[in-house]
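Let's start with one chain on its own, the form predicted alone, as structure tokens.
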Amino acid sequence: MSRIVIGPFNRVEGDLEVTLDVENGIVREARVSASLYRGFEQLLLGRPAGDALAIAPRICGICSVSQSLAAAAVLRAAQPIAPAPNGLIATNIAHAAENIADHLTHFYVFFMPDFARAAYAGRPWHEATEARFKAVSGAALREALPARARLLETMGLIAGKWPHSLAFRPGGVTRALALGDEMRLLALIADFRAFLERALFSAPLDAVIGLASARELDRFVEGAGAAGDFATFIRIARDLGLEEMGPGPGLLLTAGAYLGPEGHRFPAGLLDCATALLREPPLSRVEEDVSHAYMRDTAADPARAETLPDMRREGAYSFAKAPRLEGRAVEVGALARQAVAGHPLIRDLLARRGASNVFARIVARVLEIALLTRAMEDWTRALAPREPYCVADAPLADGPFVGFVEAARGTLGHWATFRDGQIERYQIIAPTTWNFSPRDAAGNPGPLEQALAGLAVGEEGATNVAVQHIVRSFDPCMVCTAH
């Protein structure tokens, strides 16, 4: 048995270290470590409750809108108000823009450049992939990054700036959009759609959204979408067997995404990949385990827990706690959202293997780019002229409350206890905390740790590129993980 330590990872937000125990070229056990501690939860204690709207978004520069909205959600839960419908719709447009930008960055900047590595030099697709996707010099970046920047101009119209906007409130957004703003939004979204249909998909969005099975996906890749970057990924993934790589823990969780006047665009749910059993997620049974975290013992219930570092804790190897749902590790992210929402392509990909995997995770993220772009168009047309965009705050009730949103990487929850308008407790469980959690007290590994176990790394060991594919398929954001 040999031990390999991989880290720090490049092209990752924050500090990540992975330890692999390898025997006969096979990973027997993996340990995933968040080696950074920050302390945002302590920063919030004793402050006026509204400060959460200004401080929590600073946790991350990539998903700051998600952090804002989770803070707004927990504040809204403590108030007897109903948000303005226009405010919810404008919020969804901004949130979708951020999450699309995140998916796009993940595809072009974080994930695809690994296929341009020298390790794949003998593959027939390598030369073209290197020219298109190599980090820094790849031609795709010259198209994708301006398109991303153009999309994020929507944030300027709705929220004034990005990241770390202060526009998002429990009752909506602070800026009302004029008719001219709505026309500009539609123009920005149209520009982005044109990029998608030219470069990423090489086909109409509806053709992508309408894919209903793996067989249809294969026909699309060899037919209408053959010239797109998405098709390039599919062909490479088939060649490398990414569908057999990185199985998750078997449970997919989403708390529901894009709350509108008529409910969530993508519903909440907990899906068992092996049985396809779907049920309401028991979110009141979320617990945090600190047995392998550099943290003092505290309440398992996030509503009563504290975050107190303990660098000398025996057996600890990460600053991340281990969230569990009904005592089990769960996977979160776009794959969970689209599986719970019942998209037929995603359901078929899961049914083929009975588990999540590298291939399904990336397909779900790219598919969600198409779904959200069309949703942004729908939402913009649904804005009601001259109707309010925000409802004023009401006095906060005392007690514990919780707010959930879906960031690009998955379920984000804020638990807060308010007393006389002040923050008495504040706990955050971010998507990467779920996916990159360490072991729990029963010795059960986190989702990424499970996904790496059993991987054949052969004589290459730490340099085996498959490790990179599995880790990046979860899209780590370690600054959010340890917040």
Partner chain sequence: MTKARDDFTLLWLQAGSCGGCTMATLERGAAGWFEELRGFGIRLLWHPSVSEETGEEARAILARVERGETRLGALCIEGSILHGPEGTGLFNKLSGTGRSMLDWARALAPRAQYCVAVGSCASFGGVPAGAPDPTDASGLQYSGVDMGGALGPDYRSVKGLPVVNVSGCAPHPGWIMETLLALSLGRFTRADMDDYGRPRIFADHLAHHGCSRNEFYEFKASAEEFSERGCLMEHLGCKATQAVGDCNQRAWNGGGSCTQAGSTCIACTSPGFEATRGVHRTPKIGGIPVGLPLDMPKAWFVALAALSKSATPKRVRENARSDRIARGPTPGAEKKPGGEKKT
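As the structure is a prediction and not an experimental result, all values here were calculated from the model. Positions refer to the first chain, counted from 1.
One more form of this protein should be noted, the form predicted in complex with its partner chain, which is absent from this view; the next part is about it.
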**Asked** Of the residues 169, 324, 365, 292, which one places a heavy atom within 4.5 Å of its partner chain in the predicted bound form?
**Response** 169
**Complete:** Among 217, 355, 316, 177, just one has a heavy atom within 4.5 Å of its partner chain in the predicted bound form, namely 177
**Prompt:** Counting only heavy atoms and a 4.5 Å cutoff, which of 253 to 261, 380 to 388, 399 to 407, 333 to 341 contacts its partner chain in the predicted bound form?
**Reply:** 380 to 388
**Asked** How about residue 31: is it within 4.5 Å of its partner chain in the predicted bound form, going by heavy atoms?
**Response** no
**Asked** Heavy atoms within 4.5 Å of its partner chain in the predicted bound form: does residue 203 have any?
**Response** no
**Asked** Does residue 159 reach its partner chain in the predicted bound form, with heavy atoms at most 4.5 Å apart?
**Response** yes
**Asked** Can residue 213 be called a contact residue for its partner chain in the predicted bound form at 4.5 Å between heavy atoms?
**Response** no
**Message:** Whether 8, 39 and 142 jointly form a contact site for its partner chain in the predicted bound form is the question; each needs a heavy atom within 4.5 Å.
**Reply:** yes
**Item:** in the predicted bound form, residues of 37 to 76 near its partner chain [heavy atom within 4.5 Å]
**Value:** 37, 38, 39, 40, 42, 43, 45, 46, 47, 48, 50, 51, 53, 54, 55, 58, 59, 60, 61, 62
